[in-house]
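What follows is one chain in structure tokens, specifically the form predicted alone.
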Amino acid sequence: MKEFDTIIVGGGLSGSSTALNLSKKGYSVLIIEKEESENIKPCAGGMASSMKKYLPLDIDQSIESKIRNVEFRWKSSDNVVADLSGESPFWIIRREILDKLILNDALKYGSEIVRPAQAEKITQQNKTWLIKCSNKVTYKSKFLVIADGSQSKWAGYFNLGPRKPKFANTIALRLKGLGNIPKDSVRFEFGFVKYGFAWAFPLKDSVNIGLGTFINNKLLENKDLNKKVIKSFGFEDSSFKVVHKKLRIWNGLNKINGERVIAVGDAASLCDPFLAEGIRPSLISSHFAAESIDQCLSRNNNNLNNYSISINNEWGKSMAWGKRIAQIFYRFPKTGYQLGVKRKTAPKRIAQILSGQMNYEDIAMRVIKRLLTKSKD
């Protein structure tokens, strides 16, 4: 029975990134991935260019658009546009290419992958993980990384993250052409989706479109609503195929490590509770997971607590304020749009949050105060 330094359950963005970071440090890594091959991933694909520092490889092949401004609309009108400062601070990447680049690089540095296979039973024996898989093989490792996404089976099993995970319901699709979306802009559409919003992020020759709601998850079953949103982005074709996904959003400062086990990305409930961003926390958590495991392996100890501390400091403190803003904004969306988007400085601030130049804590107190005061009027 072959033993690895680390076994990663899940070969998506966060799992592959963790594998790459560890294998580049010289550790033996096995990825267990349930899908047989990479599928098209019509997620928004938005990524702050500052995240490149967490990726130890060239990802230029995956960059489809470099965004110069962010558009906001209320039911196809009442437009607000915010320019992004700096040199290409926000990119749209093609997820299937990015994920493949990262995985291939991890394999090049010695990581191994078994697919399709699912971890069916995970136990400990003499400080060693035993992972029994659907392929009838049992693998051994010193450390374990849970990276099986928002529908994680194992995060709750190991008590990683919030006791009661909170989910946003989303649908995503990719349409050929750009509709009425400028190639260097992303658009957020408010008002159509109750307790949520819609978005359009342009690739080179197509657009990733999505709708998300944070409160009532049944709202997106309305096909007429979906067609209305698609039309607002300049598309008439109603024969689109959608991908439904529940996102495990951030829900409190929680411990996301145990003894020799760590959760990363969506499995760790790190998705942005206001804008549903998932790429940035996946890359940040993958980086710190590899750093923490490296420290343990190099020092021959099992204490991974610094991982949870690092993620809560780097990401969680900002998301705590993002959650408070979201709770008010999406309950009073029209007021939220008028006071939280249409104010002179607000669009710029949101754009800066997207590009990683600012966090929610920087703006939260002023925004919450305005929204609470107006909602009581």
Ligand SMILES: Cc1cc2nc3c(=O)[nH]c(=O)nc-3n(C[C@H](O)[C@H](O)[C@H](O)COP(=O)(O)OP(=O)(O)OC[C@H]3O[C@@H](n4cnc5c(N)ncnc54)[C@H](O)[C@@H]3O)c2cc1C
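Bear in mind that the values here come from a model prediction, so they are computed numbers and not experimental data. Each residue number is its position in the shown sequence, starting from 1.
Keep in mind that the form predicted in complex with the ligand is missing from the display, and what follows is about it.
A.B. asks: Looking at R95, R174, H287, R187, which has any heavy atom no more than 4.5 Å from the ligand in the model of the complex?
C.D. replies: None of the others qualify; the residue that does is R95.
A.B. asks: Could you tell me which one of F274, W250, F201, Y139 places a heavy atom within 4.5 Å of the ligand in the model of the complex?
C.D. replies: The residue in contact is F201.
A.B. asks: Hey, in the model of the complex, does L13 get a heavy atom within 4.5 angstroms of the ligand?
C.D. replies: Yes, contact at 4.5 Å.
A.B. asks: So in the model of the complex, does A119 come within 4.5 Å of the ligand, heavy atom to heavy atom?
C.D. replies: Looking in the model of the complex, residue contacts with the ligand include A119, since a heavy atom lies within 4.5 Å.
A.B. asks: Is D60 near the ligand? Define near as a heavy atom within 4.5 Å, in the model of the complex.
C.D. replies: Flag for D60 set to no.
A.B. asks: Heavy atom to heavy atom, is A346 within 4.5 Å of the ligand in the model of the complex?
C.D. replies: A346: no, not in contact with the ligand in the model of the complex.
A.B. asks: Decide yes or no: are E33, G45 and K245 jointly within 4.5 Å of the ligand in the model of the complex, with each residue judged by its heavy atoms?
C.D. replies: Result yes, every residue of the spot touches the ligand.
A.B. asks: Looking at 104 to 112, 68 to 76, 164 to 172, 289 to 297, which lies within 4.5 angstroms of the ligand in the model of the complex, counting heavy atoms?
C.D. replies: Checking each option against the 4.5 Å cut-off leaves 164 to 172.
A.B. asks: Would you give me the residues of 272 to 287 that have any heavy atom within 4.5 Å of the ligand in the model of the complex, in order from first to last?
C.D. replies: Going through 272 to 287 in order - heavy atoms within 4.5 Å of the ligand in the model of the complex - the hits are A276, E277, G278, I279, R280, S282.
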